[in-house]
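Starting off, we have a lone chain in the form predicted on its own, written out as structure tokens.
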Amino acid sequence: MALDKTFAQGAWSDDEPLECVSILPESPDVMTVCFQAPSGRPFAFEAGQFITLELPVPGGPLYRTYTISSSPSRPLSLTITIKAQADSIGTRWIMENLVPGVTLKATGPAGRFTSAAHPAKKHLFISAGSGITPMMSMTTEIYDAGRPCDIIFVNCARRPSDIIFRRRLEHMATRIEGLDLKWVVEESDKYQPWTGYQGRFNQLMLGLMAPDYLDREVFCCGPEPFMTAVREALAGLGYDMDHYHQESFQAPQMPAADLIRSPEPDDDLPEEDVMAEIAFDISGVTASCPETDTVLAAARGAGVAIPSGCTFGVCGTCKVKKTGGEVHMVHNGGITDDEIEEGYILACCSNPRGKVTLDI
């Protein structure tokens, strides 16, 4: 009865903060944070999506995107699994300051790197390091369905002890038919013998791990150089790249051929010597700026706070509602066609044209 009442409240939305309820250390520099909605509302998202957290770091809020590592088939909690890099600010703040009971503002879920958007009978999940998190979410959802599956799950790590979720995935593989795990490490641990794949992921390993890779839907996540290597390996082997999907919160790398190719002329590009005007309705502020300025830059200059994450049109954190005027927007997947039809724009990659009115 209590569970029925929880679902009757509707799904969590980002008008409510997330409450940290537990923290699980995964390794010296990796931890899983579990959130729940203070109201008890369940979470509705697609496996592979991410949320954006507002972190109260010194000097002002910092917005960081994190892929959800839990599964939508387990909707009463939401987890992120994070790895702190040497130069990270947001993740370090979480590791050093977040404790059960603390609440954080969040936006989302968002993202189109989901198995739901690309249904298939046969999957090939390829990840490196913390890029395993969306694959864990997708795999758990398939596992929870209880039916046999066909997943080849490849994860690359520096050493065996760095493989995130290894024990959990190996347990799942003993309880369901069709989950085939492949680990690749660069070096063995001093006190642990390693008999699996060792070295850097390459075309030879791909052929040995997944001889039928041409028939599989491929999802890839990891550092940008790693994904580039995987993408080039598949393309070189004749894989149909329409069935390749990758998750990235970094600026897309332009192929060398595109760097030397002359761009097609576009007479409608923003011009530096043409001024535009942006009215921020709710804030009661109006700002003038050159058309070549982004809406986000103009907002910051006018003292209007628009949350932002990646700043190049991937994460969708800076999505705002445009109620009047036109913008020139070139994004990288952080907004859907339906949202654009409804009047939303991404402030980080939109240039105002003439007079623009925003609902902020």
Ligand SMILES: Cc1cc2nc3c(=O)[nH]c(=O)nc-3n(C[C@H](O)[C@H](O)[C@H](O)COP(=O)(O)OP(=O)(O)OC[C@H]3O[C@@H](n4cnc5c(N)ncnc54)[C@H](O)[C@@H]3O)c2cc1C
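The shown structure was predicted, so the numbers you read here are calculated from the model rather than taken from an experiment. From 1 onward, residues are counted along the sequence shown.
Beyond what is shown, the protein has a form predicted together with the named molecule; the following relates to that form.
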I need to confirm a contact call. Of P270, G90, P75, P160, which residue comes within 4.5 Å of the named molecule in the model of the complex, counting heavy atoms only? G90
With the partner omitted here, the residue among K105, K83, K122, R166 that in the model of the complex has a heavy atom within 4.5 Å of the named molecule is K83
Taking the named molecule in the model of the complex, would T292, V295 and K355 all count as contacting it (heavy atom within 4.5 Å)? no
Just to confirm, V304 within 4.5 Å of the named molecule in the model of the complex by heavy atoms? no
Find out whether any non-hydrogen atom of F35 is located within 4.5 angstroms of the named molecule in the model of the complex, and reply yes or no. no
Using a 4.5 Å heavy atom cut-off, state whether A299 contacts the named molecule in the model of the complex. no
Flag T139 as yes or no: does it have a non-hydrogen atom within 4.5 angstroms of any non-hydrogen atom of the named molecule in the model of the complex? no
With the named molecule taken in the model of the complex, which residues across 117-138 come within 4.5 angstroms through any non-hydrogen atom? S130, T133
